Ligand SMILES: Nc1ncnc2c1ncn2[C@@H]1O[C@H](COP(=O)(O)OP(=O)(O)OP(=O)(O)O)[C@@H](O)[C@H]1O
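The data below hold one chain only, encoded as structure tokens and taken in the form predicted on its own.
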Amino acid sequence: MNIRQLFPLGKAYGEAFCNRESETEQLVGNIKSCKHTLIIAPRRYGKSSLAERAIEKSNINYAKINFHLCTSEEEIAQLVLDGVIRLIGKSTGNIEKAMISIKKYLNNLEPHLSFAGEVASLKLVSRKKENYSVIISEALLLLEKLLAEKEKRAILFLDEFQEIAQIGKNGGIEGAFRTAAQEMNYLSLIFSGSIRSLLLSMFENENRPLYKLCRKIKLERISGASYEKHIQNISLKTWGKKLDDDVFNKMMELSNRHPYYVNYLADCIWEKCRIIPVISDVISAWQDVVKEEWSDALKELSSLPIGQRRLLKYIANHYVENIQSQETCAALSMAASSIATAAHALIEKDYIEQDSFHGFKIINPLLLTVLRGVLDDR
């Protein structure tokens, strides 16, 4: 593997995967015991990388469904049907032979076979076109029953699942997943998404259908010790020796151990340096990262209401333990209630988080740099 491929900005595979050993072990255990799992983390924390690594280790057939571009219940139902059909093909072997069982288990879906040469393809057509909750539930239960017949296991990885909440009417689609999921002994579900507040509302609100359905895996920042082992091994492969402690520590400080930005910064360092880097190389590489992302960051910040922007900038430049203190209110010229509303919105959008040891802090290190105006004179 090319050294720079060890610092991916997308999914991490093989040697590029850093730590998450306990989370991987937990997810593999959930899969093998057919306990459904909810993976929770801020954006770009490696949720998909974790899921796909655990799936690979489990050595079980899977299909991934991404609901990101869905705009209607019909599209949601069709994606579920497509995922179910893929897994039926992987798990049953000969679809023609499975047709007797498939027909036996269906009431609201009608199976159709088509042929391209000697290859048979299955299509599931709804008899009740607008009852998408029924379609989803029946499709998932069909797959579960076929797996039970074969005594085989399978996994559905449901990414950007929070879109269901924004599209589904009256919780019907959530209820369909619940109805099917609680019957499963052979099909494991992994739920994930990029908007934590919506996901947590779906799975932690006792008035919602998916309440208490899953085991939860909450991804934190990868530890400095794990990053040190990972990055120093790559340094040895590249330059024949380890980075100085101050160089490594500067990488951790600037990226704030945010998985995406650790890799982004490291990739820039490895791109620029022909000899082992020093602190000035790390700072220069981080400046390159910020310059590349500066306009996007400003655009993102400008889309926020002025009160939220003001609070973000204050948190970036001050230690804030009590968000509604008199000092904070005076500094921002905002009422305590307005600050509380702004903070709640920023937490829901994954801009800030509250640390019991360090007060409120910005999650994204790039936004932190921009809010501090480090490169305003670039």
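The numbering used is simple: start at 1 and walk along the sequence shown. All values derive from a computational prediction rather than experimental measurement.
FYI, the form predicted in complex with the ligand isn't displayed, but the following is about it.
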Contact residue in the predicted complex, chosen from 58, 49, 26, 324 - any heavy atom within 4.5 Å of the ligand: 49
Contact flag, residue 11 vs the ligand in the predicted complex, heavy atom cut 4.5 Å: yes
Contact of residue 228 with the ligand in the predicted complex (heavy atom, 4.5 Å): no
4.5 Å heavy atom contact, residue 16 to the ligand in the predicted complex: yes
Residue 222, heavy atom within 4.5 angstroms of the ligand in the predicted complex: yes
Segment assignment from 69-77, 106-114, 257-265, 197-205: heavy atom within 4.5 Å of the ligand in the predicted complex: 257-265
Stretch 153-186 - residues with a heavy atom within 4.5 Å of the ligand in the predicted complex: 160
